[in-house]
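Just one chain follows, in the form predicted on its own, and it is written as structure tokens.
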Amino acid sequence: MSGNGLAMFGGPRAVPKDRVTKDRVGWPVITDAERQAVVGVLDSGQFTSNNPGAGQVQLLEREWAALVGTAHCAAVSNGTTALELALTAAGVEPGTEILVPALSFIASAVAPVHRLVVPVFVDIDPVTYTMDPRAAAAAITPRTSAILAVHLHGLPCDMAELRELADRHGLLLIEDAAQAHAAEYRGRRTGALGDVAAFSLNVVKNLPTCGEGGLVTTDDPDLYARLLRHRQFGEDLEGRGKRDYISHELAGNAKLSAVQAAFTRCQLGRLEEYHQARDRNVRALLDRLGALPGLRVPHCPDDRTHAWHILRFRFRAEGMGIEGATPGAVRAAVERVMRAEGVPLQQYQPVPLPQQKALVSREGFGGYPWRLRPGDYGPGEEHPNTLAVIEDSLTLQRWHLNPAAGPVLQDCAAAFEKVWAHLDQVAALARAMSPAPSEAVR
């Protein structure tokens, strides 16, 4: 087949390879500012967060706290560590329970486990993909100590409902804002919506460093002081001109380097500009895709903004006019066809968190932290919305982060429209694939 036929059957790619260039879709965008900042740190000889005064780490902390709208920020080694230290500094006790959404990256569950806190998994809202407050309310027990609100894909959770729930039961409300830099909920930034918040600075995040890093924000001065001790072997360095090497708490080493901080400060200077460009580019894409039958595009409620870290698309067989194929087969068929057209759709989190092998087997922890609390706990509870979303959706990642990605995203829109003009062939492919549900729901 030629002409306007599907690429996997001989037609031309909708997204030509020569259009997908580093200057359009590469991430992060690195300029001379980053290069000069890194060299400046190397020339200064001040490499760690131990440097007093206005070192690069301290400057990043102040600038991020000011942007978020919190009193304090502590920079740490990575986003998972940021979650762990937030739990520790907030005093969450080993053996207690924390509510975690069933759809998230494994770090949302592993961070509590590393602190011997039991993750209890809660279903998501099928439209926002964030924790369903009603499911959270039903999961609270006398052992619950905290709620982990994951702003998945860059969309803030329903924080008013979760805040009311946390206050009613005396629970800590923690934000996992690893994917939601600069997003807002009812006029307030993520990172200032709970009791404490954790961000990732991983190189693929909306606010990246040149590798790994994390930030923790809070308004609580005592919690902040504990954060600083726990990133530095339990030592108290605040206000000291000389390190005394006395550890006041059992803690490890979780510092961010000055090189990483300097790189991120350059990125932070362009964060708002990139955020606005990304919002325009993504909305222009979604405006076109929203007209296609059976395709559910990402939704952003009116009371919040979206960081657009990941774009998730759901495929409804009935709306697409496809009969005789399972949702998983339709999703797999769309993935094959779209990738042939040059659009790198893929699954993100192929199983719910409670079905992750590590959490089912509990290898590496000898059954802890679950042994610390009475009663039976199994990670295989039903989470129907999470299962359905995983089964019938694919994601687009990273391409749209670059502020110059607009033309490529329009090519992607054309690819979707082309495929939707050949849904009969997509249907045939889906029916030919295994009728059994995918591994994600077995």
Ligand SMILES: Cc1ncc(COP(=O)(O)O)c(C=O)c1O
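The model shown is predicted, which means the values in this text are computed figures rather than measured ones. Residue numbers here begin at 1 and follow the sequence given.
Only in words, not in the display: the form predicted in complex with this ligand, which the text now covers.
In the predicted complex, no residue of the candidate spot (Tyr129, Cys157 and Leu394) has a heavy atom lying within 4.5 Å of this ligand. In summary, among the residues Phe233, Tyr274, Phe315, Tyr348, the only one with a non-hydrogen atom within 4.5 Å of this ligand in the predicted complex is Tyr348. Screening Ala74, Ala178, Ala86, Ala102 for any heavy atom within 4.5 Å of this ligand in the predicted complex leaves a single hit, Ala178. Remark: of stretches 279-287, 261-269, 107-115, 324-332, the one touching this ligand in the predicted complex is 107-115 (heavy atom within 4.5 Å). For His306, no non-hydrogen atom is located within 4.5 Å of this ligand in the predicted complex, even though that partner is not displayed. The shortest heavy atom separation between Thr218 and this ligand in the predicted complex exceeds 4.5 Å.
At least one heavy atom of Gly79 is located within 4.5 Å of this ligand in the predicted complex. Using a 4.5 angstroms limit between non-hydrogen atoms, Glu341 is distant from this ligand in the predicted complex. Residues of 185-221 placing a heavy atom within 4.5 Å of this ligand in the predicted complex, in sequence order: Ser200, Asn202, Lys205, Glu212, Gly213.
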